[in-house]
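Quick setup: one chain, the form predicted on its own, written in structure tokens, and binding and motion questions come after.
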């Protein structure tokens, strides 16, 4: 990728961030919804920490913080896909395709914006958590690891949202993925320890990549991050990211063959 392409990606990424802040319907799912759910869950299920086999934590907020952050990154990817689909519907993407720039650069620009939004959401939840008494066991290094994993999560999930947007070109279709986000979340260890899940949910959570990613974000908070947990989180992100980017590339190629 040339220096010009990098400038294009940076410009499109900055545009994506500004576009999100200008449209409440794109920003609300990233920050407002996860914040409300975090408040409701910690207030209503705080005694869950007393259950047998619940991991030792300072408070239920400590445990839930990672779940809220990963929910925000999933919704950031979905919002990014919606915004990309809106660009397609409005013809902005066609103008980019006509410009002398890398075709995949417009997708990378959108993913860069999603990564930045995920990073900002991660900072938001860490600040809110600390204000309300959360304790990050690994301190500043732990915060850095958490923000790294959250940013990479935004890039990975954003690739899937971009793929759906490029494949369909319809914002309503991408928006329809919103309920699926919660299904995937609740079938992982994002909101409850995997050892306490039962039935099919426990089996699915055991192999759900989100579980490994969440544990990578959670461990610096409730215990201490190990290379094994970190490696599993990175491998899961690599898998999701490869699927998202691969599907985006195929969808973009199909759109180019179809003439936009």
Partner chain sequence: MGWRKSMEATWALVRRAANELLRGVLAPTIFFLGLTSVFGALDNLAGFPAPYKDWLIPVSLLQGAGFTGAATGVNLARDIEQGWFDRLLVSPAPRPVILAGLVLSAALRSLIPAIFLLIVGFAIGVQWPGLDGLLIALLVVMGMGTVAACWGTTLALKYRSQSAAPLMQAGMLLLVLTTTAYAPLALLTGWLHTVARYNPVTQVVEAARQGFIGSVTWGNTWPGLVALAGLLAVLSALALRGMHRTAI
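Residue numbers count along the first chain shown, from 1. Only a predicted model underlies this, so the values are computations on that prediction, with no experimental measurement involved.
Beyond the structure shown, there is the form predicted in complex with the partner chain, which is absent from this document and is the topic of what follows.
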* Is every one of 25, 60 and 179 in contact with the partner chain in the predicted complex, taking contact as a heavy atom within 4.5 Å? -> yes
* Does any heavy atom of residue 31 come within 4.5 Å of a heavy atom of the partner chain in the predicted complex? -> no
* Asked: Taking the shortest heavy atom distance, is residue 235 within 4.5 Å of the partner chain in the predicted complex?
  -> no
* To do: Evaluate residue 42 for contact with the partner chain in the predicted complex, applying a 4.5 angstroms cut-off between non-hydrogen atoms, and reply yes or no.
  => yes
* To do: Give a yes or no for residue 183: in the predicted complex, does one of its heavy atoms lie within 4.5 Å of a heavy atom belonging to the partner chain?
  => yes
* **Interface segment, criterion being heavy atoms within 4.5 Å of the partner chain in the predicted complex, picked from 135-143, 185-193, 112-120, 148-156** => 185-193
* Structure fact -> Residue within 4.5 Å of the partner chain in the predicted complex by heavy atom, from 48, 225, 222, 210, is 48
